[in-house]
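We give structure tokens for two forms of one protein chain below, kept apart as structure 1 and structure 2.
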Structure 1
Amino acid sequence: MNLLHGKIALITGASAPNGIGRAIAHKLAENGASVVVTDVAGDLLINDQSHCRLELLKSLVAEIDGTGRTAMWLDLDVTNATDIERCVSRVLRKFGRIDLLVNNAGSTIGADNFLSTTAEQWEKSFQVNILGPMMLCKAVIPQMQTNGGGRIINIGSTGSLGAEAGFGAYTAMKHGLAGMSKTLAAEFGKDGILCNTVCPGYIETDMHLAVNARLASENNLAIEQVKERRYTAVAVRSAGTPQDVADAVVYLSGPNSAYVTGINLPVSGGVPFGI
């Protein structure tokens, strides 16, 4: 599978072992792209166990190298303009171009009942979910223009399309991210740059399992009851996998979507978008 042969991809928020970013990195590499995987430095807590994110990124690079594809890792806090500048120039020095930008890093901070959220949480959510992707797009678009085009894929959510109660800032920011994608699609289509938003529904990552746990504790329910309630609303009656989302990213990165821009693509098994 070499649909993306010769393409250079930059992916944010890619360290989590069970995360969407890691699955995207694997699928883009499987399809022939060279991938730069990034995440914010620090520890990731999974089931009360602490894991060093940069070690997780190194293990991802080793997995991809083991398949004969090319990967490199960099630490990148998407809210830090200096980090973005350093990271983009490192990638350009090594590979000479960035063809695909996948803004996957996201934060569920402020995903709570509206009245319990704080202005500080909204501010932090804005920085990670919108300002970071905006700064990265500004950093990579000029060289995409010079190189004759590129693809930007923003990872939104079904919370980019509608709202369910209890997700406060997260829903607002994911709507904003989808709006930014459309702006980029409108403004840079003439330069061969396509920009789309992939909108995952219920995907069984650690982030999703943590939301299930929170809903269980808030509503005094067992996890299985929360799953039953949430997935009843899904047409296919189950959660999806990170690989399902990665397949959509491969489609939007490759030649089969050459005339597709400015869309929100739900990968949700038919979950209703709420209000």
Structure 2
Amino acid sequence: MNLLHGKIALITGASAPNGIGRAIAHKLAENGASVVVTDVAGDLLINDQSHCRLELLKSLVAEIDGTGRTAMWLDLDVTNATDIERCVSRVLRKFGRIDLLVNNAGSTIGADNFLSTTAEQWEKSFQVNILGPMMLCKAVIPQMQTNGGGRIINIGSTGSLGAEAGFGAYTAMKHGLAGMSKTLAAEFGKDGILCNTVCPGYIETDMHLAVNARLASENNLAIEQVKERRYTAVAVRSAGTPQDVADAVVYLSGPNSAYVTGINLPVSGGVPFGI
């Protein structure tokens, strides 16, 4: 498939082996885009095992290169303005432009009861979930204007659409991210730049599967029992996959969404959004 033939995509937070960012990178490449995958240097803990994020990025690039598509990796701390400038400059030097920006990097810090979260947690959540995407958009949009347009896709959450008890700062920041998307859509549509938010619900990432395992252990339940309890409010009674989210990103990146901007697109199996 070549819906995105010749397009250059920059994706943040792409290292997790069973993560949304990695699935997005594969799907965009599969559809013809050249992809630049990024993540912050350091270790990622999965099932009590530590993995180097940059080594995971290298393996992702090798996987994509193995399909005959083009990929490169860069270390990027989205909270660091100098890092962002360096990353965007390197992509532009190599490819000449950035057509697609996918702000996938995020943090669940502050996903707790309101009175339990600290000001420091709120600040860190803001830096990763809003300030980082904002700085990346400011770095990328001018060259999109020069090149006649582009697409920005922010990865939010069903927490961008409603609120449930116990998610504190995380929900506030995901609402803010969705609001920023609408602002960008309103301001830059005239330049051919479309901006949308994809809002995943329960998605079987490494993090989600770890929560299922923890709940099973704490409640002396089988994994299938935990799933049945957690997904009872989901219309389709199951979790989605990272590929489901990636398919939505491909749609919003391609020619079939040329008149779609400023939306929040749930990929949630019909999960209710809370208040």
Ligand code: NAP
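By rigid core we mean the largest C-alpha set that fits within 1.5 Å across both forms. Here, residue number means position along structure 1's sequence, counting from 1. On a predicted model such as this, the values are computed, not experimentally measured, just so you know.
Remark: the form predicted on its own is the source of structure 2; structure 1 originates elsewhere. Once both forms are fitted on their core, the CA shift for residue 41 between the two structures remains under 2 Å. With the core superposed, residue 31 shows a C-alpha displacement below 2 Å between the two structures. Per-residue C-alpha deviation between the two structures, core superposed: residue 210, 4.2 Å.
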